[in-house]
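Listed next as structure tokens is one chain, alone, in the form predicted on its own.
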């Protein structure tokens, strides 16, 4: 007989329930902070901090970086940074409690692990660049924007899903 940890190994939450919880989280975030969720702001704070640490003169003279640098305050002292840390910690704990915490590259049998990692890195970099150009990521611009019925939130979500569907045909052999 399998032990309880082995039985629960592949049990996932219902995605609709996860979406419901995400909606409640967005409402709670608006109530507590006056803003919605977002993750790309944490990356921006990290980059500004690194640039300011390595080249403080450049960071203070740069129009973009200087907006986020204040005397006596760290750009890392931002609630979005703590949100991103919480997401990573939550994912780690979820994997640990369900017995799915291990290093593994999931990929189609038609491609190698190396190709999967290259495509994942390229996709992540493009999505991160797009989030900065759009002034928000999926959670910040799309979900939080849609929660307040922002036209930009709906356009962002349609652009994300539309682009995904448009390019899926060309990359399908990497996944099936």
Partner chain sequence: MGPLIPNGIIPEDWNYIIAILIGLAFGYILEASGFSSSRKLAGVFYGYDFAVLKVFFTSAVVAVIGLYYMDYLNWVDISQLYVHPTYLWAAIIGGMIMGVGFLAGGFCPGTSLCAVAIGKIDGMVFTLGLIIGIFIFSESFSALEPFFEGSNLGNITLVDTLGISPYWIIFVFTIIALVAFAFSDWVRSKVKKVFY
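Numbering follows the first chain given and starts at 1. On a predicted model such as this, the values are computed, not experimentally measured, just so you know.
Just so you know, the form predicted in complex with the partner chain exists too; it's not on screen, but the next bit is about it.
Though the partner is left out of this view, residue 139 does reach within 4.5 Å of the partner chain in the predicted complex, counting heavy atoms only.
Although the partner is absent from this view, residue 29 contacts the partner chain in the predicted complex, with a non-hydrogen atom inside 4.5 angstroms. In the predicted complex, the partner chain lies farther than 4.5 Å from every heavy atom of residue 60. By the criterion of a heavy atom within 4.5 Å, residue 69 is excluded from the residues contacting the partner chain in the predicted complex.
Taking the partner chain as it sits in the predicted complex, the stretch 112-132 comes within 4.5 angstroms of it through a non-hydrogen atom at 116, 117, 119, 120, 121, 123, 124, 125, 126, 127, 128, 129, 130, 131, 132.
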